[in-house]
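Single chain ahead, by itself, as structure tokens, in the form predicted alone.
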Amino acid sequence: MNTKEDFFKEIENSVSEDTFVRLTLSKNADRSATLKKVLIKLALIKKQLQFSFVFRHETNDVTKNFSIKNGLEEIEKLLGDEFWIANLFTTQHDFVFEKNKKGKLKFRKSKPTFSQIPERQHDKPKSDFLQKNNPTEGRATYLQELGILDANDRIQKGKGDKYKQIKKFIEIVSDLLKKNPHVLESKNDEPLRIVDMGSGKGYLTFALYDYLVNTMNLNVKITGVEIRENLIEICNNIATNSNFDNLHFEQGFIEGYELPETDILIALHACDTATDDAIAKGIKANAQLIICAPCCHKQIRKQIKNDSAFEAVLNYGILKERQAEIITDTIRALILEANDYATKVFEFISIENTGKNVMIVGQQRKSEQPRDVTMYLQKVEELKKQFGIEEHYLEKIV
């Protein structure tokens, strides 16, 4: 009995009978080779069933797709010659093919690990939170009026990075709402109240409203706060043209703005201590989510002294600037934690798309148990002492 042929026949049968789950090839005959394993599945690619191979090397993976015919030829070439162990999983049985150093072959059959075939769809449409223009509904005209899309709904030249930034922001908010269902559950028939502090031209504000209202079907009221009067007029006109009835922009400084009770507070790229003003107002307004993308860190940078263990780093301007950013945002996160917000700091979007790519998110904790906040405040004091900092602006306003 030819064990290799029997095993290969099972592969062919599983493909033709649509019982194939996956195939793995391991134990490379050449132990010095960087290729350690091959993972094989079936996938619908451009509506054609194909083999998708993942060649797993020591430091990277390489994916290649083959037609069924070419894929079977590739498997036959690798099987038993280059790789000595193969595991075939089907919905009917599991099969193992082995070859040892002496060339002896083994072929085993056992009960199936999987009872259902996996999803074959490879060309899954990526979720696009930004709706294309639909003049009959008055939707998404903001993408054209803001110059993101042209008249044919194509991304304008030079706006690709902004488009990616908008999409990523909506994905983040969508994920936050899924992980914090209480934010929506507590509303009943009341609108979800969102304030965007320092909304600028409103790229993200419009997209967020569009997604929450037209994709999630939520009752939402969003207010954009911006100091520049010309931008307020432009944004309010676009909101009217887009039939975004509960989206409104008004004039005001973040520092002096009277913020009513709010569910979600947003401050993206508010310069220097304006980010701290927004965080403090979010905390005082009992916001359940505080979402910030800081910009500039001058207040702490001026205070950092070079007599610490980081003296060598702080002697170089750009490194001192980056250290100031890290210290500033760390203290912001700790102060949010001290005010009962579970806080994360992460990369908002690739630095290729924007240099302002750090995001701080505070999620209000719902535990009724009292928490010891002194730990977080003590860490703030330790950081300040380490770098000779007298005071972080957020400390005195929160």
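All values derive from a computational prediction rather than experimental measurement. Numbers for residues come from their place in the sequence shown, where the first is 1.
One more form of this protein, predicted in complex with a small molecule, exists but is not displayed; see below.
Report the stretch among 174 to 182, 195 to 203, 95 to 103, 235 to 243 that approaches the small molecule in the predicted complex to within 4.5 Å, counting heavy atoms only. Heavy-atom contact with the partner occurs in 195 to 203.
Out of 76, 255, 150, 325, which one falls within 4.5 Å of the small molecule in the predicted complex, going by heavy atoms? None of the other options qualify; the answer is 255.
Quick check on this chain: which one of 227, 216, 85, 319 has a heavy atom within 4.5 Å of the small molecule in the predicted complex? Of the listed residues, the single hit is 227.
Given that the partner is absent here, does residue 305 sit within 4.5 Å of the small molecule in the predicted complex, heavy atoms only? Flag for residue 305 set to no.
Report yes if any heavy atom of residue 170 sits within 4.5 Å of a heavy atom of the small molecule in the predicted complex; otherwise report no. No, residue 170 stays farther than 4.5 Å from the small molecule in the predicted complex.
Whether residue 164 contacts the small molecule in the predicted complex should be assessed with a 4.5 Å heavy atom distance threshold; does it? Heavy-atom contact with the small molecule at 4.5 Å: absent for residue 164.
How about residue 269 - does it come within 4.5 Å of the small molecule in the predicted complex, if we only consider non-hydrogen atoms? Looking in the predicted complex, residue contacts with the small molecule include residue 269, since a heavy atom lies within 4.5 Å.
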